[in-house]
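Read the single chain below, which is given as structure tokens and is the form predicted alone.
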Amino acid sequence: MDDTGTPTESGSPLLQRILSLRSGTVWRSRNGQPTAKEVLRLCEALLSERGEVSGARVAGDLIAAYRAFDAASRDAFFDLLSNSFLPDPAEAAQAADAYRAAPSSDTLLRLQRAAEPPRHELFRRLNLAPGGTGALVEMRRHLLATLRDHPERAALDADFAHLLRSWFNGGFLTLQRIDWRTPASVLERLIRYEAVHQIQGWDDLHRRLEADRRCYAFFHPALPDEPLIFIEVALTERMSNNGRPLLDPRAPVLDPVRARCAVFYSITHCQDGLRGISFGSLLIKQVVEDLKRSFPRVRTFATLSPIPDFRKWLGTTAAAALPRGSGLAEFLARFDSRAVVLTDPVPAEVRSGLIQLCAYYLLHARQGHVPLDSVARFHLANGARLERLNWLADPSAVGIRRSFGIMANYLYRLDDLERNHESYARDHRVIASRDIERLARRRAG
């Protein structure tokens, strides 16, 4: 290598290949694609580089080679990467023994260095390439899609998540309000990413950005045109119990001066490669602060939230426990699991029974120690209170498929957030209104 760390002409055959890549010669295997083993060797070369400039070039070559992979080559690469660049067992054991024998800052530092997988350094060096951060997020997205069939790759995913969590912490994120003047490329992404209430084209999006609406998103400096998460807010006179007026593109625009409530009706995580890295709590808190400054008369902050798996839970867990011959049991027996519309008026007994079961589900259905419902977990962890259930608040096909159209209001009382959060974090307690608790007791009884 020369003084800058760039490989010289007398380098190894692998480095000669790297030089040919840099000079524009395409490095391909027989079928026209780079092989997983060749790219892994390029990873080894990247870890051997000493100069930042040359390292960035090799990182760029490696990312280009990875992006040329087909699905089978990516799969093979993940297998190889899962078993490569691991801590040296003997070195880690010696460092652990030294720390146990004489705990000190020096032996702790030695243990930390020995235990850190070299994959961390590999990913840090990949991040040197132009677009490296986005490429690593993309790589993790591909990896996550394989974990169900390849649980042995969990440690590799943990290494990705470890670094992405530090690179995407709240100190690096910027909150931006999205409006009709936002670049079209970002607006197009909102339409594509929206996961709670599908945006039906530009007219629909325009209504969601009117004077009585707000949309905010977090961005990261390395991905300036890519929203990481965004939240849609309706300024209303009271807490909403129906999603249709909020989503109707033809709904009249409310003078925001009249607003007394801010309803968070959609929160969408945009980047699958950042799954498990939470921005939602920080986003809601910053949005509340911005809304308080802009609209001092708005004192109520609440959600109108989906209940994603209630119908699934009801069909697999609760339905069998219903008394035979009851109106609710007959309704569920008749109602096709594929049905996405409630065509007949629902009897009062059935409607009441479904609401009670939904309250019981949100308060008592568990996944280990935490609530089974993912949306409930999110809002309760943020310190919100489960306030109210709303019948047929989302009559869309998606809403019926999720929860027979039932939606929940979670209330964010600013004075109670910290206490509610601590209660949930310590005891996994679902903080709920008396009405919700009463409905759940009726069903339990």
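What you see is a predicted model, and the numbers here were worked out from it, not measured in a lab. Throughout, rigid core stands for the largest set of C-alpha atoms superposing within 1.5 Å between the two forms. Residue numbers here begin at 1 and follow the sequence given.
The same protein also has a form predicted together with a further copy of the same chain, omitted here; what follows describes it.
- Here is the short version: of 275, 238, 120, 299, the single residue with a heavy atom within 4.5 Å of a further copy of the same chain in the predicted complex is 120.
- A heavy atom within 4.5 Å of a further copy of the same chain in the predicted complex is found for one listed residue only; from 374, 294, 112, 367, this is 112.
- Each of 54, 183 and 422 places at least one heavy atom within 4.5 Å of a further copy of the same chain in the predicted complex.
- In the predicted complex, a further copy of the same chain stays beyond 4.5 Å of every heavy atom belonging to residue 352.
- Using a 4.5 angstroms limit between non-hydrogen atoms, residue 390 is distant from a further copy of the same chain in the predicted complex.
- Remark: residue 434 does not count among the residues lining a further copy of the same chain in the predicted complex, judged by a heavy atom distance of 4.5 Å or less.
- Residue 159 belongs to the set of residues with a heavy atom inside 4.5 Å of a further copy of the same chain in the predicted complex.
- Of the stretches 250-258, 358-366, 307-315, 82-90, only 82-90 has residues with a heavy atom within 4.5 Å of a further copy of the same chain in the predicted complex.
- Residues 99, 100, 103, 105, 108, 109, 111, 112, 115, 116, 117 of 98-117 are found to place at least one heavy atom within 4.5 Å of a further copy of the same chain in the predicted complex.
- In this overlay on the rigid core, residue 421 has a C-alpha that sits less than 2 Å away from its partner position between the shown form and the other one.
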